[in-house]
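Okay, here we've got a single chain as structure tokens, the form predicted alone, with questions on binding and movement later.
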């Protein structure tokens, strides 16, 4: 039996969380080694495990993969979550890049200077309701199918639903005018593998708080 993937990151969401979501949705059990101190991080760098001296890093199938997109691409391709042909893959890539744009804005919010936070939240809410969510709602409406691409589950659905949870944490009212996206969120959340991931005590990490931000600052020195 193949070893479970081993995830190396700090004990928080950050750039590892989409990887956790994708593995969980694919029904893949994984283990985690948390980076708790600057010394843990230095050890990983010094033993040659981090090609670019950065995390996330995932040990999987005899490889030590770094770079989030490379890790996600491999998992999606291996578990048939990346479309049936190049045309579907192009659509999936286009959608997940849109997801990533908004996700990045939300990801960086906790480490923004306090004086800038209100303006950033206002911008995020505007982009959410006027740019990104309308685009995805339109995709679902255009073909009337249950999933974004090819009428089957793909990584695009999983990454989008992760984003919808982040948006909901920021302000639940932001989803009000997007019934098809709310239905997609409910549909994906009720898949047995995702349901297990989301339940209390599951592998999903809690929202970022000031304590976890400070800890990550000390570990990664940013």
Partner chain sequence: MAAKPKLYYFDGRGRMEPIRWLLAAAGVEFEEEFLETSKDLEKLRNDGSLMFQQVPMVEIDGMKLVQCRAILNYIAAKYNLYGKDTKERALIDMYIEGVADLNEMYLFWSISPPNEQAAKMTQMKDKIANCYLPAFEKVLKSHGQDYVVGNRLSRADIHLVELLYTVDELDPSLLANFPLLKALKARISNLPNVKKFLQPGSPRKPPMDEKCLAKVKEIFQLK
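Numbering follows the first chain given and starts at 1. Computed from a predicted structure; not experimentally measured.
The following text describes the form predicted together with the partner chain, which does not appear among the structures shown.
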Which of 33-41, 60-68, 167-175, 181-189 lines the interface with the partner chain in the model of the complex (heavy atom within 4.5 Å): 60-68
4.5 Å heavy atom contact, residue 103 to the partner chain in the model of the complex: no
4.5 angstroms heavy atom contact with the partner chain in the model of the complex for residue 146: no
Proximity of residue 77 to the partner chain in the model of the complex, heavy atoms at 4.5 Å: yes
Residue 98 within 4.5 Å of the partner chain in the model of the complex, heavy atoms: yes
Listed residue (107, 81, 139, 124) with a non-hydrogen atom within 4.5 angstroms of the partner chain in the model of the complex: 139
All of 54, 73 and 135 within 4.5 Å of the partner chain in the model of the complex, heavy atom check: yes
Stretch 77-99 - residues with a heavy atom within 4.5 Å of the partner chain in the model of the complex: 77, 82, 86, 87, 89, 90, 93, 94, 95, 97, 98
